[in-house]
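Below sits a lone chain in structure tokens, taken as the form predicted alone.
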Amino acid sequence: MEKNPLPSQKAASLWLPESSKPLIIAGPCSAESPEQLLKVAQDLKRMENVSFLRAGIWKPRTTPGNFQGVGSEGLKWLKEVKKETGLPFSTEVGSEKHVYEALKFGVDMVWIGARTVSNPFVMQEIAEALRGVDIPVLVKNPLSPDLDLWEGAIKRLSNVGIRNIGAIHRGFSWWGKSIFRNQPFWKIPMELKAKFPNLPIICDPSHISGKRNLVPFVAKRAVDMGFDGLMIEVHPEPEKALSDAAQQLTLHEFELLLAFIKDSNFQEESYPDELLSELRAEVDIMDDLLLWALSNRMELSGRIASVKTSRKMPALQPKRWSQVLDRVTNTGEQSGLRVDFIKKLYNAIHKESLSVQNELIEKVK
């Protein structure tokens, strides 16, 4: 029998602020020097909204020639900065060795990155290394839009007894072009929240956006949607950053973002062009998905035509089509689509599919 899939999260109250305020985790993408960390920590501490300083010390880069972090030396810096400012610190762990090193230096929170979450074997090793640890552990979504994989990583932590678990929505990899670095696909974290209402979910608008001018609007949307907090990359001099320079905010920009997300009088109709571009980009992604699905569907229709030809079957199969239409109508209606729209759409798809099949059948005759 499967163990309790998720804890009650009662302990989360120890690290989440009062319900009216989102949790704010902020700091540079990478720890680059003791001076850099101290500078940003001192400024963040003065803002009084930040609960944890973030800084990566092991950076999982796509190519080995890129800056891959300063390693364990950065933990010494973070520990000293905490001693100086009193600001708790967090970092990413990507292996059991990282876990042991981070705990040795008194890390207050860890998160597990998208690449690591995508590997169940490594996730299990990290879960075992964290067994018995009583600090918050946040799990970023996997690279692919796979809710089961995300949920599975969270359950691995829960199954070894970890009780302070949270999720981070940082967007998903996508092959198409977009203004986003990683596509938000907001429905997926919302489905995770629906399944586990007590699980805190944080949004990482920096990694979703990839560009600093979009970060405030993605952050605002996440807060308005009810996310429990934000993880935002802030750097004293983003243009000099050794990693992800384009998506990091200056301290002044971060301060403006905090004011922006609190603005309850800010109406959607007054959103600037950046947000309109964001929403249109999401539509573009969905259109690309639709076209990809339609293309593959028509390819399958061609293969079906070959089978029908060999069996001397007509292209039109009324009973099969009735079953398909009933299924997609019921599924679409459950998803909030109008029945008339679904029927018109699928009748058009079916008509094109029959045309493809008839053309191929005629060629074979």
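Only a predicted model underlies this, so the values are computations on that prediction, with no experimental measurement involved. Position 1 is the first residue in the sequence shown; the rest follow in order.
There is another form of the same protein, the form predicted in complex with a small molecule; it is not shown, and what comes next is about it.
- Screening W111, W150, F217, F254 for any heavy atom within 4.5 Å of the small molecule in the predicted complex leaves a single hit, W111.
- Only one of the listed residues (A305, L53, C29, L37) places a non-hydrogen atom within 4.5 angstroms of the small molecule in the predicted complex, and that residue is C29.
- Contact with the small molecule in the predicted complex, defined as any heavy atom within 4.5 Å, is confined among 113-121, 71-79, 276-284, 221-229 to 113-121.
- Although the partner is absent from this view, R170 contacts the small molecule in the predicted complex, with a non-hydrogen atom inside 4.5 angstroms.
- Using a 4.5 Å cutoff between non-hydrogen atoms, H98 does not count as a contact of the small molecule in the predicted complex.
- When contacts are judged by a 4.5 Å heavy atom cut-off, P60 counts as touching the small molecule in the predicted complex.
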